[in-house]
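Next up: a single chain in structure tokens, the form predicted alone.
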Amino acid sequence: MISFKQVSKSYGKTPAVRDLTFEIRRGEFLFLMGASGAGKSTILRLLHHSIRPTSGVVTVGEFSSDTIKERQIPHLRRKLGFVLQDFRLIADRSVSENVAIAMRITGESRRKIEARVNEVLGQVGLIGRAREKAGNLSGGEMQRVAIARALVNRPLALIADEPTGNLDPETAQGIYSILDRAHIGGTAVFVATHDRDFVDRAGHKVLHLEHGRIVIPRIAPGTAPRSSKPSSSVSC
């Protein structure tokens, strides 16, 4: 579904990631960890196709970085739901309007948009806040709106970049529970995080980056993945 095959990316003469090979299959939950500068942001940008590899191939669904045309990139991006640390909501619009934006750009009917927005707001526990202005929400509620927006178009994968970085531990646990339910429901989830405590408790597969290379794909000690779905193929 999503794969990196011998992918390297350099900025000028400076390598950012080197010889990465891994897959994210449908319904999997995969963590991406590494210190600042290890290459996590570059991997997310390569997935988004805001940059292209220096060598190797990034594949998302039917699109590959070596053959995709610029006019096809918006279609590729609709297959991915991105959740960012800073939420990027429109503060003076309602919760439902913020979520609906992602569907309106695809040309869906008003009836379908309303039904699907209500569905995903129910999944993240915000159906009662649908008419509230986004700017009036707490940080945890804003992040749940961002997750609903990322899920509303039924993406192949939900990509989250430090989704709990600004949240207290209890709120962060709630966010991870929502991501876990999305994964159990069949959406692949790929999370870049520094939250080692949660990663160790979660028991999902981890890509650990050092200096742009995968150095230690591992399962948290003493635990086993909770999903019965196949695990990611990871190599380096």
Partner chain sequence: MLTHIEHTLREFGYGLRRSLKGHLAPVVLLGVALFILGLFLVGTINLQELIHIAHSKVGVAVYLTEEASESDRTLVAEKIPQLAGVKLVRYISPGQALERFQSELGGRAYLLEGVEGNPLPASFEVELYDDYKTTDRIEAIANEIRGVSGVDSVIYGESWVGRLERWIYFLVGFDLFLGAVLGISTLLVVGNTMKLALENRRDAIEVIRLVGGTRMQIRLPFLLEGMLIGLMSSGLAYLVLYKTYTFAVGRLAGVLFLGTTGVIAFFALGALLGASGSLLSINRYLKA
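Residue numbers count along the first chain shown, from 1. Please read these numbers as outputs of a predicted model, since none were measured by experiment.
There is another form of this protein, the form predicted together with the partner chain, and it is not shown here; the text below is about that form.
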Open item on the list: Only one of 137 to 145, 124 to 132, 98 to 106, 162 to 170 has heavy atoms within 4.5 Å of the partner chain in the model of the complex; I'd like to know which.
Closed with: 98 to 106
Open item on the list: Although the partner isn't part of this model, could you tell me whether A115 comes within 4.5 Å of the partner chain in the model of the complex, counting any heavy atom of the residue?
Closed with: no
Open item on the list: Can you work out whether H208 and the partner chain are in contact in the model of the complex, taking contact to mean some heavy atom pair no more than 4.5 Å apart?
Closed with: no
Open item on the list: Whether L84 contacts the partner chain in the model of the complex should be assessed with a 4.5 Å heavy atom distance threshold; does it?
Closed with: yes
Open item on the list: So in the model of the complex, is the partner chain close enough to R88 to count as touching (4.5 Å, heavy atoms)?
Closed with: yes
Open item on the list: For a quick test of understanding: in the model of the complex, does each of H48, R77 and R149 have a heavy atom within 4.5 Å of the partner chain?
Closed with: yes
